[in-house]
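Single chain ahead, by itself, as C-alpha cells, in the form predicted alone.
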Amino acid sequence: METMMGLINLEHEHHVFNELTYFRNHASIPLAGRYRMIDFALSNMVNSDIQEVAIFTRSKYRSLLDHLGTGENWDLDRRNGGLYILPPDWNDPTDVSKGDLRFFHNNRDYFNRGKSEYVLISGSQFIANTHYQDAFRSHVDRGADVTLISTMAEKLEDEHTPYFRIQADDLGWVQNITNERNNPMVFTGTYIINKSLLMELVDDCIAYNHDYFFVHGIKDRLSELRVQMYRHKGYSAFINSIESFYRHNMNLLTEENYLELFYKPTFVRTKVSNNPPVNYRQPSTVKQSILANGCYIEGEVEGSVLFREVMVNEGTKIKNSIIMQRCKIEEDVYLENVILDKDVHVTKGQRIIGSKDKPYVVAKRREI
C-alpha cells in the first residue's frame, strides 16, 4: 500500500507576532485555550495515517521541543518512524546550499531512510482539522508529480496576502501560481510530492544557487511538472500576525466554528495536561468564552479565551481578550481587547483597553 511521510517546514513562513515570539517560534504560539499552532499540522498528518514526521526549525525552538516531547500525544513515539526535530546542522565546509534547501540537503538521510515514496509537506500557519487521504489517492490515481492543497477564501483579509494563489483548469490541473491578491483560491502551503522527484529538484535548485524549494523547485518549473490542485473544504484559518491571531481566536467563540474545528471524527491532538476542572467561585460570571482546565474564576469573563491555570480575582472584568497560561489577574482589574502571554501578573486596579484591530499585547512574564 502506498504511504506518505510528513514534513513541517517552518523556514519560509511569514509572520509578524512581535511580543508573542520574543521567547518562542511562531509554531509554538498557544491557540484556542489549550493548543499550539503546530498541533493542527501535526494532527492532520497523523490523521492521514502518516507515521513519520520531521520538522525543519531554525531558531527559538526550546518551547517547541518542550511541547512535542517524544511525540507520544500524537502517537509518534515509535520504534520505527516517529517524530524528528531537525534544527540546522551545517558543518560541511563544501555545502553551498542556502535557505530551506540547506535543511533538505543536510537532512537527506530522513528521506532516504523513510519507506514511503511520497512526502506531505506543510507549514504551521494553516489552521484546519482535516486529513489528506483523499488528496493522496487523487495524487496517485492521476499520476501527479505534485498536488497542491488550496482553499477558497470567503473573504480576503491581510493574512492571505503572503500566500500564493492557484489558477487551475476544469480538471484541476494547475495552470499558474501567482500573487494575484483578488484571487480567492489560496494555496495553503501544504502539498504532496513524489519523494524521488523532491530530492531531484532539491539537487537541481542547489546547483543553480537557489534558496526556496517551493518557489524555485515547483513554481518556476510548473510547465515541466504535472501539478494538480485539491481543494480543502470546511473551516480553516491563516494565522500569521497578531491581528489574525486575535481575530481567529475570537471567531472560535462562535459555536458553529468551534464545533467545525474541534468536534469532528478526526480530533486535533495536543500535549496532555492533568489540570482540575475550572473552579467557578461566587460571584463569578462567564459568557460566551473558552476556559481551559485549571482556571480559578471569581470575577467576570465575557467573550474571551482563557488558557490553563488562569486566576481571575473578584471585581475583575475581562472582555474580548486572550489570557494565556498561568496569568494572575488581581482584584478590580478591567481588560478589554488585550492579549496576555504566559505568566503575566496584572496588579490590582489596572485598566487596560486595546482595540479589536490592534489588541494590546503584553509579553511573557511581565508584571503590570
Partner chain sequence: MKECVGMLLAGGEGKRLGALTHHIAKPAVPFGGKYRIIDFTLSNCSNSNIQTLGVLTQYSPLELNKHIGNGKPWDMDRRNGGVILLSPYTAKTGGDWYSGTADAIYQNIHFINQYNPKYVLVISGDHIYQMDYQKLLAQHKETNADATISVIEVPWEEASRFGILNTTDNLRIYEFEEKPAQPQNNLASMGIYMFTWETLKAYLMKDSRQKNSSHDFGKDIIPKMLQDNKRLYAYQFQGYWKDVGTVQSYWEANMDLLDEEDWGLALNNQNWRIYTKDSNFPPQFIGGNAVVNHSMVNSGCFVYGKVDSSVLFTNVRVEEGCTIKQSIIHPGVNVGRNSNLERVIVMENTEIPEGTNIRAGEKEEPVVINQDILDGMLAMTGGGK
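Note that the structure is a prediction, hence the values are computed from the model and not measured. Numbering follows the first chain given and starts at 1.
As for the form predicted in complex with the partner chain, it is not shown, yet the points below apply to it.
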{"property": "Asp211 within 4.5 Å of the partner chain in the predicted complex, heavy atoms", "result": "no"}
{"property": "Partner proximity in the predicted complex: Phe56 to the partner chain, non-hydrogen atom cutoff 4.5 Å", "result": "no"}
{"property": "Contact of Glu336 with the partner chain in the predicted complex (heavy atom, 4.5 Å)", "result": "no"}
{"property": "Partner contact for Glu309 in the predicted complex: the partner chain, 4.5 angstroms, heavy atom", "result": "yes"}
{"property": "Contacting member of Gln288, Ser223, Gln167, Asn112, with respect to the partner chain in the predicted complex [4.5 Å, heavy atom]", "result": "Gln288"}
{"property": "Interface residue in the predicted complex among Met152, Ala207, Leu259, Leu171, criterion: non-hydrogen atom within 4.5 angstroms of the partner chain", "result": "Leu259"}
{"property": "Interface stretch in the predicted complex with the partner chain - options 197 to 205, 290 to 298, 175 to 183, 117 to 125, non-hydrogen atom within 4.5 Å", "result": "290 to 298"}
{"property": "Residues of stretch 247 to 284 in contact with the partner chain in the predicted complex (4.5 Å, non-hydrogen atom)", "result": "Leu252, Leu253, Thr254, Glu255, Tyr258, Leu259, Phe262, Tyr263, Phe267, Val268, Arg269, Thr270, Val272, Ser273, Asn274, Asn275, Pro276, Pro277, Val278, Asn279, Tyr280, Arg281, Gln282, Pro283, Ser284"}
